[in-house]
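Just the one chain here, laid out as structure tokens, in the form predicted on its own.
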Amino acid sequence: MNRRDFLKKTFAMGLGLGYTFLPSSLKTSWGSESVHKGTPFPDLVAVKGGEPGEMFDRAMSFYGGMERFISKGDIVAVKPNVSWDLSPERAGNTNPFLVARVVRRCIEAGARKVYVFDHTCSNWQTCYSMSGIEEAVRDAGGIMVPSNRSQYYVNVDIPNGKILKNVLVHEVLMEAHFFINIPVLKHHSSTGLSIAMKNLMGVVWDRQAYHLKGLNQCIADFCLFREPDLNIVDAYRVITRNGPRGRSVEDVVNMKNLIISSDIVAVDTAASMVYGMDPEKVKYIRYAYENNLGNMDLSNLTIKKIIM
């Protein structure tokens, strides 16, 4: 079965029929048994039913913990979505409790500094404050850094980018030994969904250039420069219409899901399925797959599903 046929089959089995979980047809394991013979960790972990920090800890217990990734003295860059001047219940930004838990676990694993940042759409100071993320990061021991001036960015080339050839990238990303991406899953009027790859628009200076050149291909091309080392998709509260900002809490559904993977294509594919959208319809996912940046066929992966 090819990738397109697989996606059609799994989507038809119920993925698009309400806010659900990954399909039982996928190669998965449950509970505390061995994930896969000869393989110490799964390729992707999906958790449903807990609170944000609890789901992250549970997922990482099967993914090797932060100690698997971070060495003593490392500098860590954490990129949540902090784009909008909205409170957490509006779900336009990443859940602050999840961000705090990730920062705390990085520090416990030995990180010397944990920088958190986003090039916001609304006023950066208001976004950092209203989202609850600035306070959460500070309380967890991290450092919230501004992204509102071009002087914070350095020009880099995109190797083999189809239309995105170079871009100004935040200096924190250039300094970091380890890069964690924490998007919030939500509807987006231009791309269908905003997930892990889309969230990376917040590490570049000229976001408008993406729209002028070709939004979906630019999103996929950027990952040719640097993919996150770990992607943590916050699907606790999810905007299901009028995204990416939403108009009110009426646009938000409580899904209580979280998905983690180092494969950015796989995590976006899985998140789109959880949302109830065919990943083939999210163009940047397909373009990134065609750029050999990850796997859209989740049947080729070992997946850990956890219901709390």
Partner chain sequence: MRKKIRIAVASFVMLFCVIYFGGQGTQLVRVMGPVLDLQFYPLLVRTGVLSLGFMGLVALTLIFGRLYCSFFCPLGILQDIFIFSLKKYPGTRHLSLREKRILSVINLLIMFLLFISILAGTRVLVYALDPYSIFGRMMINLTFPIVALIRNLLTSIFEHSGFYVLTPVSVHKTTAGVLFLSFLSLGILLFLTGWRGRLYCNSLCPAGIFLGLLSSKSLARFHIDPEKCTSCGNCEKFCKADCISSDRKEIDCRRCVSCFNCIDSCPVKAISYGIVSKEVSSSRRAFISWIYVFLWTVLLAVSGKRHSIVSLIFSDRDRGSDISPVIPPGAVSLDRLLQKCTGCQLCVVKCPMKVIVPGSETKDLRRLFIPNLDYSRSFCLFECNTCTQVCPTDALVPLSLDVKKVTRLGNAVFFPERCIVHIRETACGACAEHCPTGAVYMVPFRNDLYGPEVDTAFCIGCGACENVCPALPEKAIIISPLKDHGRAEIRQDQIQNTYPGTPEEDDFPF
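Residue numbers count along the first chain shown, from 1. Here the structure is a predicted model, which means the values were calculated and not measured.
FYI, the form predicted in complex with the partner chain isn't displayed, but the following is about it.
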Distance check, A100 to the partner chain in the predicted complex, heavy atom within 4.5 Å: no
In the predicted complex, V156 touching the partner chain (heavy atom, 4.5 Å): no
The partner chain contact in the predicted complex: V265, any heavy atom under 4.5 Å: no
is_contact(A176, the partner chain) in the predicted complex, heavy atom dist at most 4.5 Å: no
Proximity to the partner chain in the predicted complex, single hit among Q208, N166, S150, N160 (heavy atom within 4.5 Å): Q208
Region of this chain that lies against the partner chain in the predicted complex, out of 221-229, 176-184, 123-131, 91-99 [heavy atom, 4.5 Å]: 123-131
Candidate site I107, A136 and R286: all three near the partner chain in the predicted complex by heavy atom within 4.5 Å: no
Sequence-ordered list of residues in 229-257 near the partner chain in the predicted complex, where near means a heavy atom within 4.5 Å: T240, R241, N242, P244, R245, R247, E250, D251, V252, V253, M255, N257
